[in-house]
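In the block that follows, a single chain appears as structure tokens, in the form predicted on its own.
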Amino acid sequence: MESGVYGKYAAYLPQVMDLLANDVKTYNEQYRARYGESAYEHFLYRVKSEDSMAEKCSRKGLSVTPESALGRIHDAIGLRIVCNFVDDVYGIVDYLRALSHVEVVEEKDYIRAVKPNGYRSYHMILRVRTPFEAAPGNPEGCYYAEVQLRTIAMDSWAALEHQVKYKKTLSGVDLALITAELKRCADELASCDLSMQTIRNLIREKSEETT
């Protein structure tokens, strides 16, 4: 019997991840051919380590098994796509939603429905149909992946907010002040994202008129 929380299915996870990553890269190639630029600034993807997944299963009160790790928890495969502009986020979302071998099982639009602390991002849980054997309890050949999409401004803000969240030495007063400042910055960055999107749209409209 294979050891580790993923069991024998661990061998399939990098391949499933690569299938989905190649879909995103294909979209980027099509986008670049049309607009002469990339659809995203950077694109990261990973398989969650077995130790991290085992800890997450335990924290959630689940058995440390492939069925829990790959069926009840959906982020063994994670992709983060960071775009220059908000419209590019939604362009990739639409592309992923239309893929014939992908089903969106959950999505949360924190760009339009901003979290109270100012957090903005687009989250998707995808069920990807593959030729591989699926873990117990999952539909035949299916694996889950979590996708997060955001702009550069949103990504920078989220990285800073993450530092604050796990900083143990902040006092109550410091934390309240920093939280308020973070919320203000989030709103200002969102305004900048909107302005930059408008400028980019004007540039493209002018370019189309002259071609």
Ligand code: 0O2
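No experiment lies behind these values; they were computed from the predicted model shown. The first residue of the shown sequence is 1; numbering continues from there.
The form predicted in complex with the named molecule exists for this protein as well; it is not shown, and the discussion that follows is about that form.
**Student:** Just to confirm, Ala54 within 4.5 Å of the named molecule in the predicted complex by heavy atoms?
**Tutor:** Although the named molecule is absent here, Ala54 would stay clear of it in the predicted complex, with no heavy atoms inside 4.5 Å.
**Student:** How about Glu146: is it within 4.5 Å of the named molecule in the predicted complex, going by heavy atoms?
**Tutor:** Result yes; Glu146 sits at the interface with the named molecule in the predicted complex.
**Student:** So, Ala158 and the named molecule: in the predicted complex, are they within 4.5 Å at any heavy atom pair?
**Tutor:** Output for Ala158 is yes: heavy atoms within 4.5 Å of the named molecule.
**Student:** Tell me, yes or no, whether Lys183 is in contact with the named molecule in the predicted complex, where a contact means a heavy atom of each within 4.5 Å.
**Tutor:** Contact check for Lys183: no, nothing within 4.5 Å of the named molecule in the predicted complex.
**Student:** In the predicted complex, does each of Arg59, Asp75 and Lys108 have a heavy atom within 4.5 Å of the named molecule?
**Tutor:** Every residue of the spot touches the named molecule in the predicted complex.
**Student:** Which residue, His123, His101, Arg97, Arg112, is the contact with the named molecule in the predicted complex, using a 4.5 Å heavy atom cutoff?
**Tutor:** By the 4.5 Å criterion, the partner-contacting residue is His123.
**Student:** In the predicted complex, which of the stretches 61-69, 175-183, 23-31, 146-154 has residues with heavy atoms within 4.5 Å of the named molecule?
**Tutor:** The contacting stretch is 146-154.
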